[in-house]
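Below sits a lone chain in structure tokens, taken as the form predicted alone.
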Amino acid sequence: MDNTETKIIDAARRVFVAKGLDGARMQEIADEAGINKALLHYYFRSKQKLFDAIFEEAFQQFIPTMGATIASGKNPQEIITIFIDAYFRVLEQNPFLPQFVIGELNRDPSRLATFMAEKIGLTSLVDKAMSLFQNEGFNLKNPQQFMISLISMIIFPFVAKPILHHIIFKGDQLLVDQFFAERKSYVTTSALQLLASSLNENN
């Protein structure tokens, strides 16, 4: 990736964070990157292509980390803790991603599924995780339920942030910030308790 492409992606991420996918404009991204719109279109023909690049970049940081962690022989509690930390880091750096995924699921679910499987390698990671849950010490009765519950605990607050802001915390941004600052610790504790409960049921 050359310097101009890196500059564009960094600028686009800032604009997407501020405006969301629907609210962002290519001209705004070009201005943020300090280039003209023609050069932006030379690198990325559309906003969708640019967003795909950011989406892939974000999860290419996550997938190798988790693949290596799963293969490392760490105990279940360590793996779950690393998973939560890595997932939160992706979402904290790219808080617009959950809304993008929901939009794509409504617009073209097959395209998103193919993109995540082939470009990001998510299918391979899920297969490794399922194998670990079932065969390498987790011994969970229903690993699919556990995995989806864990991911939901992480993602939902990012998706529902406007609701949290206006309804749960009555527009108090300090309370919202405090909630998100505490969320990773809460999810980690809850997930480890759920894991322990699932293991105990099977022993």
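When you see a residue number, it is the position in the sequence shown, counting from 1. Predicted, not measured: the structure shown is a model, and the values here were computed from it. In this text, the rigid core denotes the largest set of C-alpha atoms whose superposition between the two forms falls within 1.5 Å.
From this point on, the text means the form predicted together with the DNA, which you will not see here.
*Asks:* Please state whether every one of the three residues Arg14, Lys19 and Ile54 places a non-hydrogen atom within 4.5 angstroms of the DNA in the predicted complex.
*Replies:* Negative, none of the three is within 4.5 Å.
*Asks:* Have a look at Gln61, Gln145, Asn36, Ser152 for me and say which one sits with a heavy atom within 4.5 Å of the DNA in the predicted complex.
*Replies:* Checking each option against the DNA in the predicted complex, the one that comes within 4.5 Å is Asn36.
*Asks:* Taking the DNA in the predicted complex as the reference, which of Met66, Val159, Leu164, Met26 has a non-hydrogen atom within 4.5 Å?
*Replies:* By the 4.5 Å criterion, the partner-contacting residue is Met26.
*Asks:* Flag Gln173 as yes or no: does it have a non-hydrogen atom within 4.5 angstroms of any non-hydrogen atom of the DNA in the predicted complex?
*Replies:* It does not: once the DNA is placed as it appears in the predicted complex, Gln173 has no heavy atom within 4.5 Å of it.
*Asks:* Under a 4.5 Å heavy atom criterion, is Thr6 part of the interface with the DNA in the predicted complex?
*Replies:* Taking the distances in the predicted complex, the answer for Thr6 is no, it never comes within 4.5 Å of the DNA.
*Asks:* Does the DNA get within 4.5 angstroms of any non-hydrogen atom of Arg45 in the predicted complex?
*Replies:* Judged by the heavy-atom cut-off of 4.5 Å, Arg45 is in contact with the DNA in the predicted complex.
*Asks:* At 4.5 Å between heavy atoms, is His41 in contact with the DNA in the predicted complex?
*Replies:* Yes - in the predicted complex, heavy atoms of His41 and the DNA come within 4.5 Å of each other.
*Asks:* Determine whether the C-alpha of Leu21 shifts by 2 Å or more between this form and the one not shown once the rigid core is superposed.
*Replies:* Comparing the forms between this form and the one not shown, which are aligned on their rigid core, Leu21 does shift its C-alpha by 2 Å or more.
*Asks:* Report the direction of the Cα distance change between Leu21 and Arg111 in the predicted complex, compared with the displayed form, as closer or farther; the change is 3 Å or more.
*Replies:* Here the pair is farther apart than in the predicted complex; there, closer.
*Asks:* Hey, the CA atoms of Gly23 and Arg111 end up closer or farther in the predicted complex than in the shown form, with the change being 3 Å or more?
*Replies:* Between the C-alphas of Arg111 and Gly23, the gap narrows in the predicted complex (3 Å or more compared with this form).
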